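Okay, so here's just one chain, in structure tokens, the form predicted alone.
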């Protein structure tokens, strides 16, 4: 173990840990201000905000300090290192750096999207001077609206930390951003004709410590200090990025990546980042419907439960001549699917189970890209967008194989309905982008009865006897298991529209269970019943989730 002294406090770090002084000081509870350093990017030590006094403790106990300040981001934490972050010399350097950065910075905090989470703003109050000594006119540079489809660059706000440039070179590998000109005329720009439109481009907004790079999707929509944040999991592919859902007054305003070394690291893709609009969409199914003649008419939840229960009980009495298949979407949580399976087993034990439709984009999209846009080798990947466009396919597969091995595929269901061997379907969806194809609709017309539960009209409701409105990932408590077998908890951020019951509540009440639905309790029941999921026998899966044993990953 190595011993480091930070402001008189000794801390220990492992011999194999490769930490710089910013990271070592954080272990001691000391925050060293910085702009250009980021743990996932190369070190350039250009902002100079992290200058500290550094010395060395000699074996006899004496301390020898270096005469000049050193950048903490570039200085390794070694045994005997002594760091001082709060001396007058350090404070003077911090104030000087901030004064330099603010020379040409516009005073537009009232209209800046970054206000409330701006490092320049925070550091100015904590480490800067109260007054500026500049008497000349500020250097004005035009904003750049053409940086990318999702990005706007306010050039005057840039502090030239170059995080965005390094990200496009080292993480995405696409290299669209560069620094042009020199001195006080230096600024961020794109290579001519190559806007920053790669699938990870939105991450440069998170990386920007000031308000220079802003999200076009979020621009001028809401003040961040009014937003509340909830932990969740991105549902748009099998990577299962850990995210923050930022919301207010039951409206989701943005998604941000949440650091998880077992899933997405520090970043997320743009498909997930900007793929939340369906949560706020007014075209959702808003109340349960039942066929009356040739029309779908609203019904109460109580009547819906009774009608569906009676229908399935009648199918059970009819025997094998009226085979029911229950189709479970890979967008459902473990807990929702488990409750659905338990209820079906009580009312229609002969029912079969199947995987729901799975959108698949083919091969995984691996970053960083090579010089000609080719993906890097998987073992060198820094970010992977999975071709499997569902968050819980692995989890649903484990549940279904425990119930019926092997479960049917969606294609096998369609073929069986067309051939007449399956007559009754209960389709529980959840993919907001799923639309039934003409071929699917033609085949499903052969079914005698169809129950559909989904978020949006997708074509199947035109054939359904009952239509049940569903909920989105932001309105659920439960568990997703990604393609690597990482189980993560998602938490409800917003309430579903008035009148919509979450799927878990619907199945909970059909099972006539006491009390209210509680995801950790159901998860522990699942873990007790299925050996592959026994690691989930916990009330809390932790900040980074639980990685299942390799046995749970068998296909």
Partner chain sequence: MEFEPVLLRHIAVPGIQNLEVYQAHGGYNALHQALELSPEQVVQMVKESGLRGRGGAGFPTGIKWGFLPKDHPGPIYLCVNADESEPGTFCNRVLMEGDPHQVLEGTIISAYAIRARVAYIYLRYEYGKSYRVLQRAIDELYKNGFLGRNILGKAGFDLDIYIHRGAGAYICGEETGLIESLEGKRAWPRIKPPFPAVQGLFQKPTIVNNVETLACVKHIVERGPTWFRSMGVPPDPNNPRDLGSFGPKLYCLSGHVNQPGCYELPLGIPARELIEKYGGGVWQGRRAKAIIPGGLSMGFMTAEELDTPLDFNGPMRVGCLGLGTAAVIVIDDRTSMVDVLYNSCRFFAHESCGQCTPCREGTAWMAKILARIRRGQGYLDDLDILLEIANGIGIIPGTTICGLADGAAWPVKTAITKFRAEFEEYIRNSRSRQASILAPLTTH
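Treat the numbers as computed from the prediction; the structure is a model and nothing was measured. Positions refer to the first chain, counted from 1.
Separately, the form predicted in complex with its partner chain exists; it is not shown, and the next lines address it.
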{"property": "Three-residue site 133, 138 and 179 fully in contact with its partner chain in the predicted complex at 4.5 Å by heavy atom", "result": "yes"}
{"property": "Segment that reaches its partner chain in the predicted complex - one of 180 to 188, 223 to 231, 404 to 412, 239 to 247, heavy atoms within 4.5 Å", "result": "180 to 188"}
{"property": "Among the candidates 301, 100, 456, 127, the residue which, in the predicted complex, approaches its partner chain to within 4.5 Å (heavy atoms)", "result": "100"}
{"property": "Contact residue in the predicted complex, chosen from 493, 32, 527, 69 - any heavy atom within 4.5 Å of its partner chain", "result": "69"}
{"property": "Contact test in the predicted complex: residue 510 vs its partner chain, heavy atoms, 4.5 Å", "result": "no"}
{"property": "Contact test in the predicted complex: residue 486 vs its partner chain, heavy atoms, 4.5 Å", "result": "no"}
{"property": "Contact label in the predicted complex: residue 47 to its partner chain, heavy atom within 4.5 Å", "result": "yes"}
{"property": "Its partner chain contact at residue 504 in the predicted complex, heavy atom, 4.5 Å", "result": "no"}
